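Here's a solo chain for you in structure tokens, the form predicted alone.
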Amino acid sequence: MSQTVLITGASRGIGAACAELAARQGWDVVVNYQHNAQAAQHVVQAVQAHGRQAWAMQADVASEPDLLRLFANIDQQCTPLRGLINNAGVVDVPCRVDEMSWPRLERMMRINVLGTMACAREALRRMSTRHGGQGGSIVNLSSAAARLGGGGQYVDYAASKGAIDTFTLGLAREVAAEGVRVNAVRPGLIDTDIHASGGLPNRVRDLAPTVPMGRAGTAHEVAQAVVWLLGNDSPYTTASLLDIGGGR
């Protein structure tokens, strides 16, 4: 039976890599995006090339009306929802806490924390046996920053990912008896364009020597861990925080 995974922020980077790998593992994929419809359509085509169904759906995870519309469209158009990868997230330019504006803090938490929690809420209403669902899996994208703290660069981002770690552990235990597994992956230094969006386009090059393995990771390497946690090869794994950081 076909089953669908929703991947938020799936038009680029880790989300796009997860979409293609999930398709290889037999998942139909909802490619969520906020702005770049063309990039999302490229991901849809990559999924379809593996013989799976795919839908590009626009929604801002920081907006509850957008999320409700997204899940309503999934209900109407897609095969049963059995997976959620909470990948959408933002960083910001380097900044000390005593220089952070309220709009920056609010944006960070609305996207990285509230969006993740609300997407999980809506997915549970469809997947949990308590609500008549058939079970499923949620994988949250955290970050090594939750361990490292982000001092001098983005403590707000690190704090948002620390919240994701705590949310993952609590939710996993809350729904463990309802057929839903919840885990998180904590990528370290990964070569994606998120660093440029945070004002540090050379961050990967500059920090690669600090990684014990001597290099940055790739989006595909993170996706391998995410899709393993998503699927049937990890049936007894829940409430886990998996570091993908080359030893850093």
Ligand code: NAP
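None of the values given here were measured: they were computed from a predicted structure. One-based numbering along the sequence shown.
Missing here is the form predicted in complex with the named molecule; even so, the following discussion is about that form.
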query: Interface membership of R205, the named molecule in the predicted bound form, 4.5 Å heavy atom rule; finding: no
query: L141, heavy atom within 4.5 angstroms of the named molecule in the predicted bound form; finding: yes
query: Exercise: R215 in contact with the named molecule in the predicted bound form, heavy atom 4.5 Å; finding: no
query: Proximity of D60 to the named molecule in the predicted bound form, heavy atoms at 4.5 Å; finding: yes
query: Sole residue of A120, A88, L171, A159 within 4.5 Å of the named molecule in the predicted bound form, by heavy atom; finding: A88
query: Contact test, all of A10, N32 and T192, partner the named molecule in the predicted bound form, heavy atom 4.5 Å; finding: yes
query: Which of 74 to 82, 88 to 96, 171 to 179, 122 to 130 lines the interface with the named molecule in the predicted bound form (heavy atom within 4.5 Å); finding: 88 to 96
